[in-house]
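Coming up is one lone chain in structure tokens, specifically the form predicted on its own.
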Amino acid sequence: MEIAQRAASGRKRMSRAEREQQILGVAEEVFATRGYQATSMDDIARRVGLSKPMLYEYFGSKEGLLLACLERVRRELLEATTSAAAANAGDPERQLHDGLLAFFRFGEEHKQSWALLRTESAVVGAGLDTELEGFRTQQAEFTEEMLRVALPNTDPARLEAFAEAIIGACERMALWRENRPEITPERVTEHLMALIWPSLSAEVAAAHRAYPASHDQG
């Protein structure tokens, strides 16, 4: 509740951008702990220290506020995974490993954000469904691009299928970890790499034999 307490006690003058981030921090906490349906705009406004009409002026509706929270989480997740993978460009195995590790560490280090994503089953509305599916699409496209660097001559549909399978596995293993707190992000990444990499490494080796010039240049 630290964010909410800071928000309630802080009365300093803020820019609109700072106020929006404050509201999002409080709203993310409340949505994650209470669920979307049980959360009221009155409660969020009170915790932030704003009037309810002012809260609506910022985000339009409760759905708009949740969409803004989800968009912020999605941006932060992409930044984390992209940064981790970029550090090992040119090493497909390490790049995939670090991208997956960043995904699981994000869930570990941003439990509120992760809990917010898990409220998917309680969320209604086409806009929210679209935003939640956007998380999967974003991470699948990011994964597909990593694979394309290692396998530049592979059928795009095959790369897309690989990426979708990897992201689906990540989601399921993230849920599995919730009941196995002793499984660290490092350990779950190791498990997933043991499943994925033998097949991918065979693809990379075959592609290198078939198109050595393109891999040497990459």
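We number the residues from 1 along the sequence you see. Everything numeric in this text was worked out from a predicted model, so none of it was measured.
Keep in mind that the form predicted together with a further copy of the same chain is missing from the display, and what follows is about it.
Shown alone, this chain has one stretch from 175-183, 39-47, 53-61, 24-32 that lies within 4.5 Å of a further copy of the same chain in the predicted complex by heavy atoms: 175-183. The candidate spot formed by Arg72, Glu109 and Gly134 lies out of contact with a further copy of the same chain in the predicted complex, as no residue has a heavy atom within 4.5 Å of it. a further copy of the same chain is not drawn, but in the predicted complex it has a heavy atom within 4.5 Å of Leu192. Contact between Ile167 and a further copy of the same chain in the predicted complex is found at the 4.5 Å heavy atom cutoff.
Though the partner is left out of this view, Ala161 does reach within 4.5 Å of a further copy of the same chain in the predicted complex, counting heavy atoms only. Taking the partner from the other structure, a further copy of the same chain in the predicted complex has a heavy atom within 4.5 Å of a heavy atom of Ile196.
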